[in-house]
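First comes one chain, alone, set out as structure tokens in the form predicted alone.
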């Protein structure tokens, strides 16, 4: 089976979050399982682009409304990632360093999708599945079926995977001319609440819709940033499939970013060595339980209340816990954390930004990972943490609910709470401080979570079942 993944992100080429991790791993494991998986993404000006060799695969042209543009498709030469990687270049739109955050993102990703379908329509063969990821690629099923120029692709089944339904790619009807000539009777496929909504369009037009955990799929029918009724109506073709993690990348026994490797058998000594290095680097007390946060400092992650929750925890525990932050996002939250570094020396530190190597070192050295998310479709950080023997402290939502069993339940190894509030976060930190004192219990929890299977193999089989159901 030949599967074409179309995405705005793919690790290690360009990554802003979990989407990049998934698209960098799922195709690799699909290829290992015997299928042919390929990835198509924009050609951002990243380090990966300049450090690898490429061949020009195709040159073409198309229109974005009245604007004529030329595009080039390049292919990575040696299959370095375990699958064929293609990147599409459009001068003036995709030749940027960052993935998102530009005023013309609507134009950038619409043109990208047009280039993808224009290129695929030139192929002599037809792939078995077109798998689109999030709203940046969700217009592709519509274009394949209802744009006159691309109807040779109409018979190919499509899957849209929603990694985060909060972002939908809205655009006004004044930009409808961006979409190549299409069947005007299908206007309703594009519309949602008076706007063109690419994500809603993808849900309507795709053969199947998947999300990245079963609980998130259920939650979308009651909370989906305006798409609740659509998810309820289309529930017959929707399925939740929990993401896996790349256990070759995330492996404390051979992680190249770690100075001190360890296994399930050596987790206590191994984590102690990594924690010592981390505490020395950031001026934290080695003897205290270390709570960390890794991720975007945005409202979805409840980062806006995290500073006050940590302050409360520091005062409530009389400094019996340490905290380390790695992330970026809301400038006010960033500024608050930076001020706290000076106010709480010895028990708090923060690094504003994101560093892949440092994130691995933090997972290995930390005792607890804080994830108080308001919205968490799947969550990969808690799975990385478990792989490294770090206890996840999570809110019961989405994939966090599906992957973390509270230590108060039979066989539980993590800490869960119900509400994204300062009180609930602080109470959960107190539970962590208390269990940290019980060394035998902590060791049992660490070993228990490290043995949990979160690899991609089972996930790949579930996607295969989805593909076969529409082929």
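Here the structure is a predicted model, which means the values were calculated and not measured. Residue numbers count along the first chain shown, from 1.
Beyond what is shown, the protein has a form predicted together with a small molecule; the following relates to that form.
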For this session: Among 120 to 128, 332 to 340, 78 to 86, 355 to 363, mark the stretch whose residues have heavy atoms within 4.5 Å of the small molecule in the predicted bound form.
Result: 355 to 363
Exercise. Does residue 289 reach the small molecule in the predicted bound form, with heavy atoms at most 4.5 Å apart?
Worked result: no
Exercise. Quick one: does residue 19 come within 4.5 Å of the small molecule in the predicted bound form, counting heavy atoms only?
Worked result: yes
Exercise. Quick one: is residue 301 in contact with the small molecule in the predicted bound form, heavy atoms, 4.5 Å cut-off?
Worked result: yes
Problem set entry | Distance check, residue 205 to the small molecule in the predicted bound form, heavy atom within 4.5 Å | no
Exercise. Any chance all of 64, 69 and 178 sit within 4.5 Å of the small molecule in the predicted bound form, going by non-hydrogen atoms?
Worked result: no
Exercise. Which listed residue (252, 295, 392, 270) meets the criterion of a heavy atom within 4.5 Å of the small molecule in the predicted bound form?
Worked result: 295
Seminar exercise, completed: The listed residue (384, 348, 146, 368) that reaches within 4.5 Å of the small molecule in the predicted bound form by any heavy atom is 384
